[in-house]
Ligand SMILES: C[S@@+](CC[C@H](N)C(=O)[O-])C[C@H]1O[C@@H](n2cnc3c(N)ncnc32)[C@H](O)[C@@H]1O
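First, one chain by itself: the form predicted on its own, in structure tokens.
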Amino acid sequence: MQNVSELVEKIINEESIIYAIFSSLRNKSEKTFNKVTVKKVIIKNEVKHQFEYFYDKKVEHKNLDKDETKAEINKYFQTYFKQALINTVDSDYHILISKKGIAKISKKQASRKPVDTSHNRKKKYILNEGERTPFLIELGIMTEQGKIVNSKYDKFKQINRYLELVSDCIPYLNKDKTIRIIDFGCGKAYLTFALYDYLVLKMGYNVEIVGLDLKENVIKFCSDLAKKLSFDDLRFEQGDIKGFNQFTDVDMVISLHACNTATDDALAKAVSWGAKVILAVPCCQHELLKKIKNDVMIPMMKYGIIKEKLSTLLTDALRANVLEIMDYRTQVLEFIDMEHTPKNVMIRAFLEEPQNIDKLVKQYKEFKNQWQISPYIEEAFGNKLTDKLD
């Protein structure tokens, strides 16, 4: 077995193994695995070998380090198996063990190509670390060298998740004209700048984006940065959602973290414009907290924190249903993982052809009656919704 041990020592030390399979048990009556496969993996930047053990009715896995791998493979040849095929980067080795324990090793040209062995494969983002991105640098998310600042990784992930959700919306936008987008409550505009960068610099579309916020200092900061970046068709204005009346039609409306009923105002404005796409991430849904009543749900609602979460879910469910009644195909999605922010629900809606909404209206009314509520969203939508509900 000396030659086999030397071979095992060599290929494990060189980290050249791609795949191996051990088969043909010496003692078939022994109650153990029938075959074992091995492949190299990288877990947290450390080389491991993943062993897969095949039994009659189950499969088990173990990840072993180099020394453990050598010992395990040598044990197979000494005790369990009569043959093995080991694919490495340089060669294929076919090993046969005779009844007397003598090993015969055949070496052939390599037949397998190396694969990505990482368990923690780096996620492919629309924006990638290492690619110098001016707006990320200006916002303090990326260094001049293209490295993401450690404390900003959550924001980097949020931006990429946002762009993934936006990319699904592109088929609903008319690329043959200037795409008009309004971002209500844009704040420091991380996502607004990301949207412009994606649609204009990466996709090559003609867009006009307006970011709206109540804070004068925020608007000045964003306006100065847009000018510095030469984002010519991105502008920022101070004002609220209700008072913005510059346009009669808009293609996409975005409202991220608009507080309480401001989300309802944004949705109403978007529908009044006939926006093809609506993206809303609600925040601080307090409106229904003191309104909801449901005797059956008292065992839940008597606990303040549960009632608060429940009112949040009810508010967003009502919003999504109202959009469906207004001829939007509506989705409620996870914006980003809860570990990054509790404000992780996005309402995404696409304008579609009018449909028979009798069933939707009936469900909506029954749902309202069950909770004995009259939500603000009906006031925000006014006659457009009232006419549908009557």
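Note that the coordinates shown come from a computational prediction; the quantities given were computed from them, not determined experimentally. Each residue number is its position in the shown sequence, starting from 1.
This protein has a second form, the form predicted in complex with the ligand, left out of what is shown; the following refers to that one.
For a residue to qualify, one of its non-hydrogen atoms must sit within 4.5 Å of the ligand in the predicted complex; all three of C186, K215 and D240 qualify. Stretch 232-240 is the answer when you ask which of 198-206, 309-317, 101-109, 232-240 has residues with heavy atoms within 4.5 Å of the ligand in the predicted complex.
Of the residues I298, L96, L289, C259, just one reaches the ligand in the predicted complex with a heavy atom at 4.5 Å or closer; this is C259. For the options A268, M142, V277, L191, the residue carrying a heavy atom within 4.5 angstroms of the ligand in the predicted complex is L191. Scanning 83-111 for heavy atoms within 4.5 Å of the ligand in the predicted complex gives no residues at all.
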